[in-house]
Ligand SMILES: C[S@@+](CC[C@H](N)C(=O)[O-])C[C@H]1O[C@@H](n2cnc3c(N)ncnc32)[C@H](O)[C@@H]1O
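Here we start with a single chain on its own, the form predicted on its own, put down as structure tokens.
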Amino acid sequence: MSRLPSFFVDLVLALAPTRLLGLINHPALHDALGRERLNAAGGWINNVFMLPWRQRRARLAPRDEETRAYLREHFCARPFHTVETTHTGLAFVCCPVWLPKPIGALALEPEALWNSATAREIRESIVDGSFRHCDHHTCPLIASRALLSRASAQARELIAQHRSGAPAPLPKHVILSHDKSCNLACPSCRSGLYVANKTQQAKLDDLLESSILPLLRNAEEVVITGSGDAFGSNHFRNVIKRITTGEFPGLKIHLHTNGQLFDERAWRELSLEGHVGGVQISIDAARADTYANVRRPGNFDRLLKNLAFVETLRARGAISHLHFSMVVQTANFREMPEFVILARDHAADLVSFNMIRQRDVFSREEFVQAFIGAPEHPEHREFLAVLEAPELKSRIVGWGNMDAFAPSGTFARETEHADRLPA
């Protein structure tokens, strides 16, 4: 990755706001000027300018003494067992938003990538209790106080392994986020529909053979996907087919999907029976009109039909854990209680809420309008009133990065569920 002086990065960021990335990633511009060139430009801007900016934002954010004291007594296992791929060609040991420091290029040999100097530095920051590379405000595991105790057997074992100086074993948990293809264009995520073309598909398939499959050899669980949709990406459908043909015995797939294409036909065609562990379905609404707004161009009736099918999978144990998630924003906060009911009605084990966050596709005005968590938002008081609904005190509710808003009497989520909280 190219290195530029920090003062130059600061200057460019001051002159070229993050909206530039949203413009570069807009499908209309891709069609007009060429997707390959714009993808390369967007990746370069992200890696050279945005990543250093996010790292400094995480490092310089105010850190209160209560949080620092909590972190000294707790531990995060993710940098010791998790790797996440990204469409910019870099790999991370956690969500790139929560911990925006890459451990190296995805094209590296798995052992070299996983045991890079940066990977060890990040693990050391967990071992010494500083969590200095993490964004303490956006990470839901820190915000909701869902980390492991440092005194736990798992933490003690990982600390001892790290301090021994021996190479870390290859990751057991792999999150695949290197293809942005999706059948929806949700405004909280992107500015338009994006599906990899034939040229990009060929590159993704080459990456599958050279980098992705080697990373999966020792893995126990693979998440598909943190970047688009598991069924809306031809590349990820190919990955699933490789896994379910017997090449990776014991590897469980954790599906992350919007649910629009998750039907009985897809289950059968991808030979998913016996290969799926958990399923997370991001929905963001409990009513058809709201769904049409926040999940464009999704069909709510199709979603409900597919949720009924997924419910049968959960009922017979074909999937071990069912998770519904909502990105809370001005457009949908009134439906939070109904969303819990929707989840209960479809046998969900967990329903999680995460406050909408600033993304590169938003202008400042758009984010201010959508960010219902701001005290100065004209509907904030109504938002606080909704949070007192009895449905939101259910034991299946997880608060993600919204712990500060959790109503009194809310069930405190146990740490064994921490890895189920979404990005």
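One rule holds for the numbers: they count along the sequence shown, beginning at 1. On a predicted model such as this, the values are computed, not experimentally measured, just so you know.
This protein has a second form, the form predicted in complex with the ligand, left out of what is shown; the following refers to that one.
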Here the chain is shown alone; which of R123, R295, K101, H74 has a heavy atom within 4.5 Å of the ligand in the predicted complex? R295
R59, R63, K393, R359 - the one with a heavy atom within 4.5 Å of the ligand in the predicted complex: R359
Considering non-hydrogen atoms and a 4.5 Å limit, does the ligand approach H256 in the predicted complex? yes
How about D229: is it within 4.5 Å of the ligand in the predicted complex, going by heavy atoms? yes
Taking heavy atoms and a 4.5 Å cut-off, does L387 contact the ligand in the predicted complex? no
Is S325 one of the residues lying within 4.5 Å of the ligand in the predicted complex, judged by heavy atom distances? yes
Work out which of the listed stretches, 211-219, 160-168, 312-320, 277-285, brings a heavy atom within 4.5 angstroms of the ligand in the predicted complex. 277-285
